[in-house]
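Here we start with a single chain on its own, the form predicted on its own, put down as structure tokens.
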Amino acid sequence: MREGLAVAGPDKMLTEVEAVAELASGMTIGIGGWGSRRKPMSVVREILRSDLTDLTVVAYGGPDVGLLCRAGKVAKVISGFVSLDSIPLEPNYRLARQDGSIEAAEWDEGMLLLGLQAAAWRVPFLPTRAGLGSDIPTEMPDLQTVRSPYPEATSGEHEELLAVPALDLDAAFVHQNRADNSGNALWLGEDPFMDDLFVRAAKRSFVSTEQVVATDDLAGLADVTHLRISRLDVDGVIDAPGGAHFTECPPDYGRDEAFQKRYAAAARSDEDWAAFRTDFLDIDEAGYRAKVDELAGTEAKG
């Protein structure tokens, strides 16, 4: 990254409580990250504490989607997948699908990318061959096709393509390794995921971060390809060290696999889930962090 590439702007610092207070029931929200990787979990936990309902959630889903479904916050999920990575099927999302408590649009991963890109570019759709030849158009008849206005060079035919609709988001939340207080943000792991598209596709976008740093310090942390999020697309910055727990956020920390196994096991019964909720969800964020640290200390002692 070249020095001076990120330009400082107004201070946009706020808390999870203040960011979630901007939401309303029935909104469409996007959640960045990928599976059980770099999810803005402290924000998700704050949504769990709210009275929000009937949300449409757009995500490459992981425990964010599962937790919100289990809590009855979700009316519809639009996803490329919903997985815990090391545990292939997200257990609470699986339960929601089995009991029919949510509507689900399970798109191809590339389709989801194009839907976010279309919203970010403010166009109504983008054409693709992804999904054609599969059952996606049959299972989701609301997805339309378009015929190319340009003839194919050899055959002269006008190709029929799937028109992926723009995924216009009311709000988006992503978690980044570092950010300044005006919203310039970068990731330090191996993959940016689609976080930059999420923030551009939303009317209001929020970045939670492991560490808030000075704008000039961003230049020395990684090369320019890691600075995907500009303050121009961000409305709020949340200081959230450990905010992605229990998903991974390398190089700051890996996934808490022991906690994830505890989460997945608790999902199997209403009684176990009620206990998990009492221990880890029906408390504030400071209480959650204290419980996680206490649990880690106990496990370390064997």
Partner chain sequence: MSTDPTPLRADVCAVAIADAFAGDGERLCNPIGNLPLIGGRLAASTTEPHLAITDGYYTLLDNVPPVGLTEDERRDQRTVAHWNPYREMFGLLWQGKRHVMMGPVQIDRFGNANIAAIGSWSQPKSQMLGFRGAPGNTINHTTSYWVPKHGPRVFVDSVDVVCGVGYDRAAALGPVASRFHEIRRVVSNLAVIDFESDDADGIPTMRLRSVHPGVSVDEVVEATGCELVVPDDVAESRGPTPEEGEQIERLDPTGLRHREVPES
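Positions refer to the first chain, counted from 1. Since we're looking at a predicted model, the values are computed, not measured.
The form predicted in complex with its partner chain exists for this protein as well; it is not shown, and the discussion that follows is about that form.
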Region of this chain that lies against its partner chain in the predicted complex, out of 201-209, 96-104, 170-178, 214-222 [heavy atom, 4.5 Å]: 96-104
Touches its partner chain in the predicted complex: Arg122 (any heavy atom, 4.5 Å): no
In the predicted complex, Ile78 touching its partner chain (heavy atom, 4.5 Å): no
Contact test in the predicted complex: Pro149 vs its partner chain, heavy atoms, 4.5 Å: no
Contact label in the predicted complex: Gly110 to its partner chain, heavy atom within 4.5 Å: yes
Sequence-ordered list of residues in 77-92 near its partner chain in the predicted complex, where near means a heavy atom within 4.5 Å: Gly80, Phe81, Ser83, Pro88, Leu89
